[in-house]
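Take a look at this one chain, the form predicted on its own, written out in structure tokens.
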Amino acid sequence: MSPLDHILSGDRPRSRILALLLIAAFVALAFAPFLFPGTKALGVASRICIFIVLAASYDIVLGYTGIVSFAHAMFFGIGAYGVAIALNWDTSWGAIALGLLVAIIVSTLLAAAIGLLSLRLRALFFSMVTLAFASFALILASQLRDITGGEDGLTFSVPHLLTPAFRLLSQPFLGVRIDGRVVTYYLVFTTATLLFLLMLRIVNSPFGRVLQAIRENEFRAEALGYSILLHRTLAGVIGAVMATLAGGMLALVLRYNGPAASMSFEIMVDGILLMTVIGGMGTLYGPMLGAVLIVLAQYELQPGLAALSALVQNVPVLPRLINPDRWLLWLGVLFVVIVYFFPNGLVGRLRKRG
């Protein structure tokens, strides 16, 4: 096995175009502070890294086991609140570690409880149970003002190493000042890369093969002696832990957390679910491309429409049609087009062609 196969756990892209897209995305994210200088660009790149982990963790649940869960944003929020609450009390690395540890324990117990108690139900009822858990967690986060800050959320400080006041180098490197924001970005980028590779190793392990067998034909997998309930519960726990870690990274980047920032239903549907489905379920590479595409669309579509509208301002009707205020409409059109022409997701289509 070549070093590349070892890193990718033997799961190559199996498409030249897909490989080029993945390499381009990785290089762009690896050198984002130098290729796209500026606070906004760095924030977008950080969000892409975080949502790659989040969408890939959901793919373990949806794409590899066929379970439709609406509780994934809840685990994302638990991780963000774990770090936020801890740093609100004490600004130290120990507080971050403790907050993440507590959040992981809570997410593990919740995911195990949801799986063991609800996976025996039919798929639709299981989805409704997860939706009820997510709604309850969102209400709880909004009501416990003394702990979570309520609807206003929590604003907190981070360790000095991650603040803009920190200087790693006295002089700019390649024209970029290496301060705490850049350190924070590379902490997020490195963590996201390692977590993605770990998930790639998990789904390509014997355990991952069993998950795929259950997805394809659970009756045959059960006849072969595999516990459907146990494997699906473990997949849910793994996905929940990864989502919790992604939430912790979000809190460090934003230095703020509230119900709308990490636990809202919009994040679940307009973010996690769409990224996984559009990119291609059951691949992990699909959610990666889906996260890049959707986060870029959310942040860059409106400015792009504004520039395009200015170019065609003398053309009848067209400037109104592509008015930047209608960016949500065009975002919806983009999603419909992708789903219609790529029913198996971008990665599924590219691998089929390859």
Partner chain sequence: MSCLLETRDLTIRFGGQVAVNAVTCAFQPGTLTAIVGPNGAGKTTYFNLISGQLAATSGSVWFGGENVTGLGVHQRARRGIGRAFQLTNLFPHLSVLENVRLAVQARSRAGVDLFSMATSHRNLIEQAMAYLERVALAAKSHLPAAALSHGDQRKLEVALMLALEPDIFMFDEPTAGMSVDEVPVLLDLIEAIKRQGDKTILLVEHKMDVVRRLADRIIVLHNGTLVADGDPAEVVALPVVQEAYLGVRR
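What you are looking at is a predicted structure, and each value in this text was computed from that prediction instead of being measured. Residue numbers count along the first chain shown, from 1.
Keep in mind that the form predicted in complex with the partner chain is not shown, yet the notes after this line are about it.
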| query | finding |
| --- | --- |
| Candidate from L174, A223, L194, L124 lying within 4.5 Å of the partner chain in the model of the complex - any heavy atom | A223 |
| L198, A97, V269, L109 - the one with a heavy atom within 4.5 Å of the partner chain in the model of the complex | L198 |
| Candidate stretches 273-281, 162-170, 138-146, 206-214, one within 4.5 Å of the partner chain in the model of the complex by heavy atom | 206-214 |
| Exercise: R353 in contact with the partner chain in the model of the complex, heavy atom 4.5 Å | no |
| The partner chain contact in the model of the complex: S92, any heavy atom under 4.5 Å | no |
| Partner contact for S9 in the model of the complex: the partner chain, 4.5 angstroms, heavy atom | yes |
| Any non-hydrogen atom of L234 within 4.5 angstroms of the partner chain in the model of the complex | yes |
| Members of 227-246 lying within 4.5 angstroms of the partner chain, judged by heavy atom, in the model of the complex | S227, L230, H231, L234, I238 |
